[in-house]
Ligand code: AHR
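Only one chain is included here, represented as structure tokens and corresponding to the form predicted on its own.
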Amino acid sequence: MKLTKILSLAALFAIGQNMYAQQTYDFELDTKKVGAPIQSTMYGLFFEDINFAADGGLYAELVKNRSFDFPQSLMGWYTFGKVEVAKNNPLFDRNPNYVILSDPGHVHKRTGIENEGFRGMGFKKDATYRFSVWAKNMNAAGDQKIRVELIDSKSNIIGGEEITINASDWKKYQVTLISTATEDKGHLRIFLASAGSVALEHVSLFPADTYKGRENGLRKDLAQALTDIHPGVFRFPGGCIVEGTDLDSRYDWKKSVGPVENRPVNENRWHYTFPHRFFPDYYQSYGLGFYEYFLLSEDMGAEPLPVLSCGLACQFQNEGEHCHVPVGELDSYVQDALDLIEFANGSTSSTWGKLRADMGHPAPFNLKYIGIGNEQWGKEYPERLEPFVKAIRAKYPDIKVIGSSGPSADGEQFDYLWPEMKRLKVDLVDEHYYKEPEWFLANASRYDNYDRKGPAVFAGEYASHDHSTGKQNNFLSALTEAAFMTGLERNADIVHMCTYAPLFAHVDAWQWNPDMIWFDNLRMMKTPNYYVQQLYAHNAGSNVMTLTRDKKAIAGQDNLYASAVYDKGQNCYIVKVANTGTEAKDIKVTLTGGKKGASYTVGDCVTMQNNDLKSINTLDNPSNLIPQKTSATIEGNVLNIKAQAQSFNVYKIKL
């Protein structure tokens, strides 16, 4: 009798478990009313030169300190024989230094220089590299020669050519080199191959195969990875480098345009910020400048969003008004903003529009947005922002101005700045949040009750930081970001832009993590976070749709997060579902309010899923975590989904 009762209880328990496992979660997608439009800028990219993202990364130049104008003139260079740094009668006023190679005085001795690149130089077998140098013959009679070589990590020559220096005035010389081997830690070596002296300036080496084939170009695989996201907006050049550690090291856009040889070196504020990851050789060549940023925006089909200094040096690193531009002395900074708009949009007869045309782009870049300041706070910020807003409104009323809510997602400064941004009537407010995964889950409803009468929101820097793994780009961080972003999408009437940050990191020279794309000198790896951003951007839709469960937004109940959009171009609904729980969920999405006799079919469905939340992609295994095709069924007006445990899913319903 007792045994029978035990068996019966066990059976009932099993039935109960089975019933629980078969529980269905009912969602309702109201198709009767198409909601607010989703801005074309909704999902985009934020670029900052941190982690060797520009020089040594996206910017394809392989030579470090190519003009010998770092504060330590020969940083990045090894010298041998008779080498002198000079600056009398320079070719370029902003880059005055150059080197002179002279005969060492013995037939068996050598003079030359060797560049280490950015943690080495990456060469690919049979690939072509374009070497150029400005040079002049320092001898009255007879041509001089230099030999240019690609060398591997063991000093073996894997490519080389000889150049004759035949002019006594500065002249540009170019030659192509073909690598005979693949090498990720190579160097560039230049020998004096004659008995006289030569002067060398702006020594440059680019892969011939750059993005879009441009000479002063971008690393092709990295730029293509950005394009493949289909970003709607591209924010540049930062970030804290906009502010600088001090005013002298702020990013000055006017120094980043014009002939690339005459763009001065700028100190990168990230080279010493983190003593535990100290990189004293990290400078900005400005080779990747505002013109190149605008070009990249155009290439990607993204709206350019430049950010300029408001006259405040980084407030994390500076205390007191003496560190900043006084409010009454901001005229040149305000003029920089007006001139930038002219550079981007002005006619070719205008001063700055003509420079743009002279650089190769007569047509305007059609700039619509400008950011003033980065993560500033306190009364110091709005009192400096105000003259910018007034001047831009007066001269360029169609330009949308973006202000800041400070460095945090909440707190005293955040609460102070939002009303100030409303008072100044900026168009968007830039919010930043680097938080733990739990915060992203808890804040999926963050924007549900935001004031719809004030400025729109730009989530300009955000990333989920899993501190338990040293902030790895693992699946936990990507999944919690995906869940949070359902709240961005649901509130696209007030959230007009969002960009993950930071974007790039060199595996041998990074200061900050996590980052969306990791790379070395030859390879790159897209993180799970990259693929989440890409899935949202590829499935942005044109209008928000109302998706509810029990008439409530789906924002964490039973570990489910969901949103829906209508895509006018594809004439379909797109449903996004994140299941952060440890069990699969059977979900029924009922489409209500449709026309009588409406017929629906299932389109492409995609999932990202992993049972190990700590799982990552690596350079050696970059496809460990990537989107995969999945399936769903539709019966009449009901979409049937099985959202696997720990998964992010995208489903298309075709009309």
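For every residue, the number given is its place in the sequence shown, counted from 1. Predicted model, so just to flag it, every value in this text is computed and none were measured.
Omitted from view is the form predicted together with this ligand, to which the following refers.
Between the options 122, 437, 502, 289, the residue in contact with this ligand in the model of the complex by a heavy atom within 4.5 angstroms is 502.
Checking 625, 50, 62, 42 against this ligand in the model of the complex, a heavy atom within 4.5 Å turns up for just one residue: 50.
With respect to this ligand in the model of the complex, the three residues 239, 374 and 432 uniformly fall within 4.5 angstroms at the level of their nearest heavy atom. Of the heavy atoms in residue 365, none are within 4.5 Å of this ligand in the model of the complex. Although the partner is absent here, residue 489 lies well away from this ligand in the model of the complex, with no heavy atom inside 4.5 Å. Contact check for residue 68: no non-hydrogen atom falls within 4.5 Å of this ligand in the model of the complex. In the model of the complex, at least one heavy atom of residue 46 sits within 4.5 Å of this ligand. Shown alone, this chain has one stretch from 279-287, 374-382, 140-148, 532-540 that lies within 4.5 Å of this ligand in the model of the complex by heavy atoms: 374-382. The single residue of 455-473 lying near this ligand in the model of the complex is 461, the criterion being any heavy atom within 4.5 Å.
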